[in-house]
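To begin, one chain is listed below as structure tokens, in the form predicted alone.
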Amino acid sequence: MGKGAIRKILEFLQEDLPLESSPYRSLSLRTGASEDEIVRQIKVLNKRKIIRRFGAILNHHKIGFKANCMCVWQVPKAKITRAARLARAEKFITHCYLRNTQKRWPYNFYTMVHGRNRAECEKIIKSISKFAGIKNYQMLFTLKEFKKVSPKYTV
């Protein structure tokens, strides 16, 4: 399969898949590859870790997760590994990053916490604080969502 066809597959997979019995049919027509060839190429891309995962995106608000909190933490170097391990193990944390601090912003560790309500988010954060031994953090709850889309990359 040529690079042009692979590029079309990657662009196609960044959009919503058609909800039909043969979602790769239109891609097959555009690339000239059979649907089976497309599926094989997707598996190769996944094995090479170019595609990390393949799945449905749920509307978390509609299933009851109404609270979102970006928690920023001031984590000493010696505690980063433990804090990251605890955050990764928490199923209601979807993002976890280490970043540089700034002059008036001492926070270097960021987690995005989702819960059914504010109290549930606070409970998760307090648990991580206790077990990681981190006292300095700020909870920044979402007030209003203005944009939320999956990134689309030009390949």
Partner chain sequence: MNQKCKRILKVLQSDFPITRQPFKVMAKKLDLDEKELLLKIKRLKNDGVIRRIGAVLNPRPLKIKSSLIGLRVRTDALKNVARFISKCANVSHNYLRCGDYNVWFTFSARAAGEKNKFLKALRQKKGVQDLLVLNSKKQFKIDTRFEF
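Just so we're clear, the structure is a prediction, and the values are computed from it rather than from any experiment. Numbering follows the first chain given and starts at 1.
Separately, the form predicted together with the partner chain exists; it is not shown, and the next lines address it.
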- Query: Does K123 make contact with the partner chain in the predicted bound form, using a 4.5 Å heavy atom cut-off?
  - Reply: no
- Task: May I ask you to state whether K91 is within 4.5 Å of the partner chain in the predicted bound form, using heavy atom distances?
- Result: yes
- Item | Heavy atom of R99 within 4.5 Å of the partner chain in the predicted bound form | yes
- Indicate whether N136 is a 4.5 Å heavy atom neighbour of the partner chain in the predicted bound form. no
- Task: May I ask you to list the residues of 18 to 39 that have any heavy atom within 4.5 angstroms of the partner chain in the predicted bound form, in sequence order?
- Result: P18, L19, E20, S21, S22, P23, Y24, E35, D36, V39
